[in-house]
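A single chain, nothing else alongside it, follows as structure tokens in the form predicted on its own.
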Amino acid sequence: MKEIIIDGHKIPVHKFSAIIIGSGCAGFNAADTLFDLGQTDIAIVTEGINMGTSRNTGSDKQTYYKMAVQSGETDSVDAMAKTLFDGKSVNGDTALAEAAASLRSFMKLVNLGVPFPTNEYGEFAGYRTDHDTGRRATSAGPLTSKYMTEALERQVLSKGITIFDNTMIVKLITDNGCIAGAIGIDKTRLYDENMGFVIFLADNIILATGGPAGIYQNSVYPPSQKGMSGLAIGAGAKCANLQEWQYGIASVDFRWNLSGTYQQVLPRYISIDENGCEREFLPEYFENPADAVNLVFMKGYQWPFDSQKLSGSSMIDMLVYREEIELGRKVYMDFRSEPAVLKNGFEVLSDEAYEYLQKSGALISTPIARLAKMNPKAIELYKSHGIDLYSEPLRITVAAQHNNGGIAVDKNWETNISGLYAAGEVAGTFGVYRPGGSALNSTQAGSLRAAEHIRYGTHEKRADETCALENASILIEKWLKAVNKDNKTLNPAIFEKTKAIAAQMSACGAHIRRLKDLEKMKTDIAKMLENTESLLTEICPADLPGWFRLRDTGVTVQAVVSSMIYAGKYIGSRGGSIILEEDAAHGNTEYDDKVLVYDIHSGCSFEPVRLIPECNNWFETVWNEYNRRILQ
């Protein structure tokens, strides 16, 4: 470490060959892989090592998607790649790379102790998940990604890889179209003379900050997960498909996906009005009340809201939305007593639902008894967070869960900025649909590809270190001079503005979208960003993380909303969203083979998808190329 003097204050400067921003599945795997490849001059920088989605979220049995390996299944890399590619607006080279790295990444996790189940002969049994063509899915239970994160963290700690905890990266430094480093703030040293500012110099940065979770109020992301996509967007990184999100029914008081078994045990859906009047509302919307419970069962398989299933399982999401948003009621899933239509038995169920419950030994009374039989860990999970499903209903909403878009990357997960990579949910490798669990595979495949490219790839140009330090110094000096170091009073405007953006996004930019509302929001965000700099003189040092978060949220929302407007005008209702205006396009399939690209400088445009490469897999050819690329 060295120091430079800025405005009379010493600013630490750390130099590494690569830094990884983020400490989830993708970040830890990137660091662990780099180290194993011999690139040991690296560091992880994280705002909080225990923050983030990977460590703090899941579902009934959180899915990991991989190539099928059990008996009775025929699968291949190209078959899996085609399934990913068929998700619409997906690039074929990243789909192929994710499929090719699937088993390698999965077996690494197995060998690190993640408890994926096997039969007595050692086969990894699989099941079919949404948007899949086979039985590729597996699970280690509700906390699959938590187990992954902890296993990879143990590897990183055992190797002594440097970790800067409680350090928030607030600005990426670029020069000559290349990454040069980053500016951070140590949140434990905000009242030091230098207000905690620190500079990191690196020829390579892997952004593994997760999805932009903080832009929505109704969110199943853990409260600790905010995302920092604005870092890359503001630096000039292009984005892909930011308009494509997954939304689904989730609990409110403890944020969790209510997919799979939670729906397949057929809970009762109730709402409570302002007078405390409770009613089971689903049967009111169906001519045949049995249709309601059968669609609830399908919601287990088809948890994400889908505009193509409005007459099917996604009708449940719409009715929850109507009760909560349009009628102003609180909505709950109630596991304590039977839906009215089941009080005389299970004969009203569809053949699929009946057979599923029968094979699971769950043709028994009450949803909670069925849940205890089929997935007791799903009950224990809520109990551990102070919610007893035996004695109280579970408040729910339709919430944002995953951004299928993100920062645009190539087959090596490198952005258009040389040396800047994005891995995990922050990377935009998915389109309209993706198989359930493919996000966890993507964290491992993307970080693996980025690490290998850093280790073995070549870059024709690099940033100039002197210019990078000068650029960083100018910004830090401005911030140091603007903030009153003697001020100890937090400014509530920072939090209120960030919260207002999230509320506005949930109101007009979630699964129900109105172009006129999005246009207004785009204007509002532009004005807010114009005024953000002036807030610096009104805040204290303790407000700095919130101020940088506000700015990052604004930059991210500006990109997301611009993409939503553009998509609404040309594509219309598709995937996880419905556009309500009559003059908007509706389900225009002309753009299924195009990626919607956002650039902070030039706005939105469509680009043709990159097709799945036709590879020459003649062994001698591959061997020679591998020797040249890896073993040189």
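This is a predicted model, so every value here is computed, not measured. Don't overthink the numbering: it's just position in the shown sequence, from 1. Each form is matched to the other, and the largest set of C-alpha atoms that superpose within 1.5 Å is called the rigid core.
Same protein, other form: the form predicted in complex with a small molecule, not shown, and the subject of what follows.
Exactly one of the stretches 340-348, 94-102, 523-531, 430-438 approaches the small molecule in the model of the complex with heavy atoms within 4.5 Å, and it is 430-438. When contacts are judged by a 4.5 Å heavy atom cut-off, residue 404 does not count as touching the small molecule in the model of the complex.
Interface membership of residue 197, defined by any non-hydrogen atom within 4.5 Å of the small molecule in the model of the complex, is ruled out. Using a 4.5 angstroms threshold between heavy atoms, residue 30 stays clear of the small molecule in the model of the complex.
The small molecule is not shown here, and in the model of the complex it never comes within 4.5 Å of any heavy atom of residue 562.
Only one of the listed residues (45, 34, 596, 579) places a non-hydrogen atom within 4.5 angstroms of the small molecule in the model of the complex, and that residue is 45. For the candidate set 556, 259, 443, 204, a heavy atom within 4.5 Å of the small molecule in the model of the complex is found for exactly one residue, namely 443.
Residue 382 is among the residues whose C-alpha shifts by 2 Å or more between this form and the one not shown once the rigid core is aligned.
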